[in-house]
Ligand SMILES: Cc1ncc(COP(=O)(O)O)c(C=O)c1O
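The data below hold one chain only, encoded as structure tokens and taken in the form predicted alone.
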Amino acid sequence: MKELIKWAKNEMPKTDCSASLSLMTAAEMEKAHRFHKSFPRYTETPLTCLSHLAAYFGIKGIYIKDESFRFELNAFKVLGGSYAIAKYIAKQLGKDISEISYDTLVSDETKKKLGDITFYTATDGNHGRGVAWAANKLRQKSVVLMPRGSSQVRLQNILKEGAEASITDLNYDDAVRLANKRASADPNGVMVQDTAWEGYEEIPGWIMQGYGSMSFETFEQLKAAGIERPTHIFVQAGVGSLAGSVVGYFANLFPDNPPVMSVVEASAADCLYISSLAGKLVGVKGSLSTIMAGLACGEGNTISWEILKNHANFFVSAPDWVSARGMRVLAVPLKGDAKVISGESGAVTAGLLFTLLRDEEYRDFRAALGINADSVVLIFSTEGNTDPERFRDAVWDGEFPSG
């Protein structure tokens, strides 16, 4: 029997999240964007209008941000890791990030002042590759631990960036704990993780700001397309750092009339969905087995949770078939729409939107969202084809069918 999508309207009491929300202002996102623009070969990633798909479903617009073009690394994650490392280095140099550019980071003078640093992290692939890439550009070291079941292709991509990397026999959350233990024991070690916990919040906050470069680009591209405000946003979540960044940015932009914002998780690791039902942040244990490897996280980011519990409208738990459906829909679009190559973690929001608009068994959720002929929907494809074998299994061979 097919596993169903689960959804919950956010009915949690509002609390003061001003400290977390202040990290995601338009000014902070613009600062991150300005830093990333200093990188060689920087280009905006495309915002693709799926106008024919929107017309097919009778809504005004569907826009998807395609992160498969990000710095030739095929995923958005490098935005967070590179920005956090830059802010750490700026702090060590006694400077503000606005005084730091890519050229400053990689200069001989900066290397001489900093000495040797080893950046530690845990990852399913994309975040670790971004950290390893940034460390490599800085002529520093990185150590990357991956949870069991991680893709060998993703491991090889991290190793190519000069990192010390390995696949552990741990789930994601325990791999994070091991990386943090090793970083703490290293006099020159720095933990660069996109999840926060008590006592470890500064660097995760910087990572969330780095992700904001993507949201800043997206909003500018929407305005250029004549869209002043999306009516609905769907964003995927693992620990929730990206979701908190996106939701926080748009909540700051439109405090009086925010878009309807939904957070989408893999059902095998739906800690935020479960937390929304519990009214407090709780974790999910076990293997966290899902094709959405980038979302296979059982413990939420405490900073992000403060934003999401106050500003997200819906929390969604999506089975693997939802992601596989999204991969197929984007890879084989309606005539006239551009093709988007989206990986397992990248396509889940597209698969969810397609399902909500087409399948009558989810009409109650569609009605609760208020999607109608005037709706302009924004979704994010956070990664391209980062695991070719798994991509072919889903798109060519129909793994995880939706019927």
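When you see a residue number, it is the position in the sequence shown, counting from 1. Here the structure is a predicted model, which is why all the values come from computation and not from measurement.
Omitted from view is the form predicted in complex with the named molecule, to which the following refers.
*Asks:* Find the only residue in V131, A237, A312, V246 having a heavy atom within 4.5 Å of the named molecule in the predicted bound form.
*Replies:* Exactly one residue meets the criterion: A237.
*Asks:* I need to confirm a contact call. Of I303, A269, L242, A84, which residue comes within 4.5 Å of the named molecule in the predicted bound form, counting heavy atoms only?
*Replies:* When the named molecule is considered in the predicted bound form, the option within 4.5 Å is L242.
*Asks:* Indicate whether the candidate residues K77, Y211 and L295 are all in contact with the named molecule in the predicted bound form, with contact defined as any heavy atom within 4.5 Å.
*Replies:* All of them do, each having a heavy atom within 4.5 Å of the partner.
*Asks:* Can you tell me which of 120-128, 315-323, 220-228, 90-98 lies within 4.5 Å of the named molecule in the predicted bound form, counting heavy atoms only?
*Replies:* Only one stretch passes the 4.5 Å heavy-atom test: 120-128.
*Asks:* Report whether the minimum heavy atom distance between S345 and the named molecule in the predicted bound form is within 4.5 Å.
*Replies:* Yes, S345 sits close enough to the named molecule in the predicted bound form that at least one of its heavy atoms falls within 4.5 Å.
*Asks:* Would you mind checking 370-400 for residues with a heavy atom within 4.5 Å of the named molecule in the predicted bound form?
*Replies:* The stretch 370-400, when checked against the named molecule in the predicted bound form, contributes T382, E383 at the 4.5 Å heavy-atom cut-off.
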